[in-house]
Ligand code: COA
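In structure tokens, the next block holds one chain alone, the form predicted on its own.
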């Protein structure tokens, strides 16, 4: 488990809170592992009806921890925890609701493509700088984003790396609602409890019908992962990542 992932229960709702505020919730391998475990255990527990993802005020998730990226880019191995988390996310048998405030970069954006409802605050910006870092989209976003947003909006998000404000994300269909910072968690929990009160079997079947075959999505995630792994070790990505790290310093 990870000290930076807080798992809580609120009746039938399991809360998975990313809690690394000093790094804007940049995800480490241990954090991915803890979230995978939480999803698996929640799915196996019949008293859990809904998963909820939350961050901290001003930061939902700043993406992957760049030190992990640099380890792979400079010849190290790793990344299995990321793909295990994505498998758990795609395979979740329970509905998923997210509450996003502020920073939502990389997986902090693409995670929400797997959510059944996403609430965001007005100060939220969704951004996926994959190409700018010499990388490619992940988490099945190359399949999901065009389906949800349309090809041109998806290209703007995934390839141009344009930031999507909460209002733009709402208009594009990326999120369900925009709510104030002080209302975010109460709105998320109200929706989660409403979902949890539904007849569970009818809800499960309805959700499965809407999602369709998950094998296609799993295959796309695997294809993206192979490209991502190779790109991380490319000269192009190494240079982009090092330049980004230098700018941060």
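In this text, all values refer to a predicted model and were calculated from it rather than measured experimentally. Residue numbers count along the first chain shown, from 1.
Beyond the structure shown, there is the form predicted in complex with the ligand, which is absent from this document and is the topic of what follows.
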Can you tell me whether residue 129 touches the ligand? I mean in the predicted complex, with a 4.5 angstroms heavy atom cut-off. yes
Query raised in the report: At the 4.5 Å heavy atom threshold, is residue 23 in contact with the ligand in the predicted complex?
Result: yes
| task | Answer yes if any heavy atom of residue 67 is within 4.5 Å of a heavy atom of the ligand in the predicted complex; otherwise answer no. | result | yes
Although the ligand is absent from this view, report whether residue 62 comes within 4.5 Å of it in the predicted complex, heavy atoms only.
yes
Exactly one listed stretch (100-108, 153-161, 171-179, 80-88) reaches within 4.5 angstroms of the ligand in the predicted complex by non-hydrogen atoms, and it is 100-108
Interface check vs the ligand in the predicted complex: of 117, 133, 166, 144, the one with a heavy atom inside 4.5 Å is 133
